[in-house]
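Let's start with one chain on its own, the form predicted alone, as structure tokens.
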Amino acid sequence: METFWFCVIALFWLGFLFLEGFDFGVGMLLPVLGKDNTERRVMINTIGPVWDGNEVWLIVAGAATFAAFPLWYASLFSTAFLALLLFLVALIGRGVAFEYRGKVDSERWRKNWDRVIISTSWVASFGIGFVLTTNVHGLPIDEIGDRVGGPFSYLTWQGIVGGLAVSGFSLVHGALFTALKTEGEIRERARALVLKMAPVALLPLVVTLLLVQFEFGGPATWGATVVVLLAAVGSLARLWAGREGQAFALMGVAVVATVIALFGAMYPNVLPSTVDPAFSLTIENASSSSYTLTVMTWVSAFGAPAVLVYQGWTYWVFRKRIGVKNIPPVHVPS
């Protein structure tokens, strides 16, 4: 049962990285692909109906970790609380910016909120990449899961590379999503940008995966790492051929393989200790009771399908491409 819930939490993180990854990317690329206010509104409208629903995956990942592995949750949040706090503040600021950007018909007002969307998208993507990678490589915790050292003792260069990995991936994923969901000049601009920047933007992700595999990897996770590389190359090839849908799907395969490579390399640990391997939290010593895990399984058996059906319906309803001709004139309620 502990292994099952470890896999479920990995699945929740997979959903968050795949869905929120292009959200972050669209926000980061707002001034690059949107040359005026109308084009920026096109980009925001591509994620407008879905961005808040995508964050549900982060909430359920945190809640499932708290309920299934309370020691993992407590040690991670108490040790890396500054990075997590910055990440959460960025998510809140991003949501506020989306809501307030169109409340006043002023170019200065919109540009200020655009700056908030751009900066918080960068901070949030970097922050979650930093926390995830640091978790995989381990935190300085003692035998009872408490942090050893000061409030910044968990800062490592591997974590910084991991933050750049998720930011770089989000850039590519967001541009791919923009090419898939828009038409006209924005679509062509997004396609050209992906083909130009992908080799550099995805380099930190490759470095992160290789670092993790050399330290913790086995045959299965090395295989997943190879799949990441093949899927990313295949995605760019399909985009070159003008098949944005297939390119986006292959990038999704790369995300699945990335999560398998990272979580598989960590298993059976949930939080390795960099102080002493004997202090590491595992699926055995950090989990809740069997009764709790059984109740969670029954609850999720009914709740998870409902969330999947709702999100699938949302993406189906808003599946069509949009362009500048679909954007109505600015209207501010009096």
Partner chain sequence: MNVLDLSRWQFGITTVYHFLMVPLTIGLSLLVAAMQTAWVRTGDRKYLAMTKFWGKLLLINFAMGVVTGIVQEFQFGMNWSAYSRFVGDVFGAPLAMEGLAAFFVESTFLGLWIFGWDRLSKKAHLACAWAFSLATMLSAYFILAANSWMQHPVGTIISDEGRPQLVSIGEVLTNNTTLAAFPHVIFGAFAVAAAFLVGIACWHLWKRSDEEPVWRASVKLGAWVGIVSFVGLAITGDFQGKLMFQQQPMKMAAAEALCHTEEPAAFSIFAVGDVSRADCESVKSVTVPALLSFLAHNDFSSEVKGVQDLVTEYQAKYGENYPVDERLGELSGQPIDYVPMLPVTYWGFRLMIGFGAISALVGAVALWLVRGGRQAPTGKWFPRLMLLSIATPFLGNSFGWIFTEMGRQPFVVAPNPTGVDGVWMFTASAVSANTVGEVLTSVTVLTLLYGALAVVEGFLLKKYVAGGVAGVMPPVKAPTGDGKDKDSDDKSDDDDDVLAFAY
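Residue numbers count along the first chain shown, from 1. Computed from a prediction, not measured in an experiment: that's the story for all the values here.
There is another form of the same protein, the form predicted in complex with the partner chain; it is not shown, and what comes next is about it.
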| property | result |
| --- | --- |
| Heavy atom contact within 4.5 Å of the partner chain in the predicted bound form, the stretch among 161-169, 99-107, 206-214, 220-228 | 99-107 |
| Of 64, 283, 29, 266, the one that lies within 4.5 Å of the partner chain in the predicted bound form (heavy atoms) | 64 |
| Listed residue that, although the partner chain is not shown, lies within 4.5 Å of it in the predicted bound form (heavy atoms), from 246, 156, 119, 78 | 78 |
| In the predicted bound form, residue 199 touching the partner chain (heavy atom, 4.5 Å) | no |
| Heavy atom of residue 253 within 4.5 Å of the partner chain in the predicted bound form | no |
| Any non-hydrogen atom of residue 145 within 4.5 angstroms of the partner chain in the predicted bound form | yes |
| is_contact(residue 274, the partner chain) in the predicted bound form, heavy atom dist at most 4.5 Å | no |
| Contact set, 278-295 vs the partner chain in the predicted bound form - heavy atom within 4.5 angstroms | 288, 289, 291, 292, 295 |
